[in-house]
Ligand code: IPD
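In structure tokens, one chain follows: the form predicted on its own.
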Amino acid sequence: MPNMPHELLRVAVEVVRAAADLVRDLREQGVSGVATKSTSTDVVTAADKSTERYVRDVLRERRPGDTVLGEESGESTGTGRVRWILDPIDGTVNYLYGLPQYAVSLAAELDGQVVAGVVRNAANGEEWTAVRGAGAYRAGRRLHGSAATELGQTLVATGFGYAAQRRAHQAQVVARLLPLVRDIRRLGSAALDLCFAAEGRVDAFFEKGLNLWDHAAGGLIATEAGLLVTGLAGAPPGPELLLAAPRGIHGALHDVLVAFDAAGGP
């Protein structure tokens, strides 16, 4: 079924655009139902939950039998070959404060492999898409990532966990890395960080502690833009660490992060 990934992307784009409109409308009405999850700084809002319910309901209607894995409600049961991986609002703290970097992220897995993904910044409507083997795009323009080849000229995005001990370790890594690169950016949404790396708005991105819904769509977009999306020391990208960088700087940044034990700590 060679056209199936493109069909899945078409569904994903339609669903995500409507979901992003919902996220923006709810933000204009005022953030409500704020609660915490893993720590007192890890927030979830009523909009996160409402948006996830909306996407699940639409996917159930459009594609009955598919499985949905969402950040807020876990994984549903399904009988088909497709699993949808959803982050209803990636960047909830930004959403809470009204900072314009929060996104709806939706990826489609076919037989266990992510084959399509879309990330849409609900604050400004920017949208990135990818189909495995067919490239990554924003606004009709194919993306190719950064052409950087020198670590010292590299703008690196990263993110931090919510637990204090993990933050302390991540701060040590960043403090050692900062003198070696052009600068560090912390934008607050891993999905958008990956899309920015795919577009070359930052040269590279790394973070420890990401869940699948944080990077499934964005990771495919970065990969299809030509970036290497890996873990460290031969590990796959995942909770221990995800590094997305163009070939020209991936090796140097990878080795520095290994030396600084970026995948270690709590």
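Don't overthink the numbering: it's just position in the shown sequence, from 1. Owing to the predicted nature of the structure, the values given are computational and were not obtained by experimental measurement.
What follows is about the form predicted together with the ligand, which we do not show.
Among 83-91, 104-112, 141-149, 121-129, mark the stretch whose residues have heavy atoms within 4.5 Å of the ligand in the predicted bound form. Heavy-atom contact with the partner occurs in 83-91.
With the ligand left out of view, choose which of V156, A116, A190, A136 has a non-hydrogen atom within 4.5 angstroms of it in the predicted bound form. Flagged contact: A190.
When the contact criterion is heavy atoms within 4.5 Å, does D203 count as touching the ligand in the predicted bound form? No, D203 is distant from the partner.
Partner proximity in the predicted bound form: R182 to the ligand, non-hydrogen atom cutoff 4.5 Å: Result no; R182 lies far from the ligand in the predicted bound form.
With a cut-off of 4.5 Å between heavy atoms, is L210 one of the residues that contacts the ligand in the predicted bound form? Yes, L210 lies within 4.5 Å of the ligand in the predicted bound form.
I'd like to check something about R186: if you look in the predicted bound form, is any of its heavy atoms closer than or equal to 4.5 Å to a heavy atom of the ligand? Yes, R186 is a contact residue.
Heavy atom contacts to the ligand in the predicted bound form at 4.5 Å, residues of 57-83 in sequence order: Only a single residue, E71, comes within 4.5 Å of the partner.
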